[in-house]
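This document starts with one chain, in the form predicted alone, laid out as structure tokens.
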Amino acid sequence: MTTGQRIDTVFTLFVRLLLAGIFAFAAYMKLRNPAAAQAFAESIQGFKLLDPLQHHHLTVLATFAVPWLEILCAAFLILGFWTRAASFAMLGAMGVFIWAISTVIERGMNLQCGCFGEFSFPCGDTIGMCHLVRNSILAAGCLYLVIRGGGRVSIDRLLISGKPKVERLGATPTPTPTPTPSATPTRPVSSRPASDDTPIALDPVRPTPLSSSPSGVDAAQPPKPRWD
């Protein structure tokens, strides 16, 4: 392993564990007690993106779906299993958060952020540019893992390295050609007319005739058997 590969391995592992820790901590702060979950629900309603009467069920769904999504993706990132899928899911969540925070800043609203519960480091309680930059950095880390994958120290890498090389590259194995049996060489038959003293070369393929026409006899007549 070269120096560049070591740096890439360590950096990818660092990004994975850092994002997993941040997402797991954020989920814990939202679900540690009913009061924290209620505060997160109120912060969702404070964005005023959904009507509190008509879309109350969506607010309740987001209150519990977002923390459990963060826990599940954090576990996948720690193990390096389905790294790209987990990073893509959190990248989508970060995109929604960035859009919501942008609308709050644009409208000049004074709103408390409940992404980390009561914990607001390094940003303050009121939503501002610091929250937008923080979520943008997290989104950049997720995008890096979507492109790079889990790295060398991951279950994804073990699953890929365990597959055959031909299957991993997507190529089909080339069938081994079956050798064809070579034809039996035949002995050439001499075209020279044979005299009485010269033996006739026989073709091994053709059967040997039982009789032949004697010398001086018309070939059209049926041959007579020879007893010599």
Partner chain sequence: MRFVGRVALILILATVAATVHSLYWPIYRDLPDRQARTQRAPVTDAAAQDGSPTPTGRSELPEHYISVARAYQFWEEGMPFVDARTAAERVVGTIDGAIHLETRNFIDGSATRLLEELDRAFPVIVFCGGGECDASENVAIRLSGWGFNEIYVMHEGYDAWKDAGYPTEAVGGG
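Residue numbers count along the first chain shown, from 1. All values derive from a computational prediction rather than experimental measurement.
Separately, the form predicted in complex with the partner chain exists; it is not shown, and the next lines address it.
Residue contact check: Y144 to the partner chain in the model of the complex, 4.5 Å heavy atom: Answer no; every heavy atom of Y144 is more than 4.5 Å from the partner chain in the model of the complex.
Proximity of F116 to the partner chain in the model of the complex, heavy atoms at 4.5 Å: It does not: once the partner chain is placed as it appears in the model of the complex, F116 has no heavy atom within 4.5 Å of it.
Proximity of I101 to the partner chain in the model of the complex, heavy atoms at 4.5 Å: Output for I101 is no: heavy atoms all beyond 4.5 Å of the partner chain.
4.5 Å heavy atom contact, S136 and the partner chain in the model of the complex: Contact with the partner chain, no.
Candidate from I155, I78, V96, A85 lying within 4.5 Å of the partner chain in the model of the complex - any heavy atom: In short, A85.
The partner chain in the model of the complex - contacting residues of 30 to 44, heavy atom within 4.5 Å: Sequence-ordered list: L31, R32, N33, P34, A35, A36, A37, Q38, A39, A41, E42.
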